[in-house]
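One chain is shown next in structure tokens, namely the form predicted on its own.
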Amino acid sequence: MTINPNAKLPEDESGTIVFSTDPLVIKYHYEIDYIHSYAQDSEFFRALGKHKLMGSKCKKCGYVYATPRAHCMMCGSETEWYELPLKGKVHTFTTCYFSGEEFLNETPFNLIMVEFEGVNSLFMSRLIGADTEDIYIGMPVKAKFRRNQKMNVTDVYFVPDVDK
């Protein structure tokens, strides 16, 4: 049995950065490794590395989605993978002046909803290579892919599809 009224917790020389005292606001480092499964959407992310866009198509009613979907929203049946065209047109767009931390340094940037021929829903992505004032509804665009895949939806982006 030990009784030590002079016992102390171990300490180092690091301190706490205090931004204000009323209310008390401090800097606290927070970091986490997150292991995430794409589960049924895995094929979509693997295909990005092959420079393909994979949507889904209902086996029963034929509705085509520009995004991965296990079941049809129209009839509830199972879907199958469907390779999307790499060219489409701008259905609508917006310019983002604020963003989550990952993209904050890239603001402002343009987000578009891409409309593909023969596909019933839209695909959201970034558009680069065009100033906001040059983007228009119906603008032809084509998909491009990052050279170094990050297994992220941002591995694909769009650029204007213009003849050189």
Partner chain sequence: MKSKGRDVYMVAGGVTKFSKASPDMDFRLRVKKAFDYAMNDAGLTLADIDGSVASYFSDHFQRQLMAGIMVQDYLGLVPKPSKRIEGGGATGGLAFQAGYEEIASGRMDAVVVYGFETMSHVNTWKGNEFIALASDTNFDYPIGGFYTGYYAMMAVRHMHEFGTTVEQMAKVSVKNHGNAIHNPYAQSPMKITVEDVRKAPMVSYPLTRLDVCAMSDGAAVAILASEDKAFEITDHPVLVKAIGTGTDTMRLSDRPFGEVPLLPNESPSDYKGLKYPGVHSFRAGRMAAKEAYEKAEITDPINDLDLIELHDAYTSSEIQTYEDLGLCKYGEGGQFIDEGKPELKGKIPVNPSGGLLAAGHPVGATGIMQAVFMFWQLQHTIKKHFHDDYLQVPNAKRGLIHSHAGTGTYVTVTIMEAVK
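Numbering follows the first chain given and starts at 1. Basically, rigid core = biggest C-alpha set you can superpose within 1.5 Å across the two forms. Owing to the predicted nature of the structure, the values given are computational and were not obtained by experimental measurement.
The discussion below concerns the form predicted together with the partner chain, not included here.
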Please check if residue 105 has a heavy atom lying within 4.5 Å of any heavy atom of the partner chain in the predicted complex. no
Though only this chain appears here, would residue 75 touch the partner chain in the predicted complex if you measure heavy atom gaps against 4.5 Å? no
Report whether the minimum heavy atom distance between residue 25 and the partner chain in the predicted complex is within 4.5 Å. yes
Indicate whether residue 33 is a 4.5 Å heavy atom neighbour of the partner chain in the predicted complex. no
If you apply a 4.5 angstroms heavy atom cut-off, which residues in 73-99 are near the partner chain in the predicted complex? 73, 74, 91, 92, 93, 94, 95, 96, 97, 98, 99
Core fit, then residue 28 C-alpha moves 2 Å or more between the shown form and the other one: yes
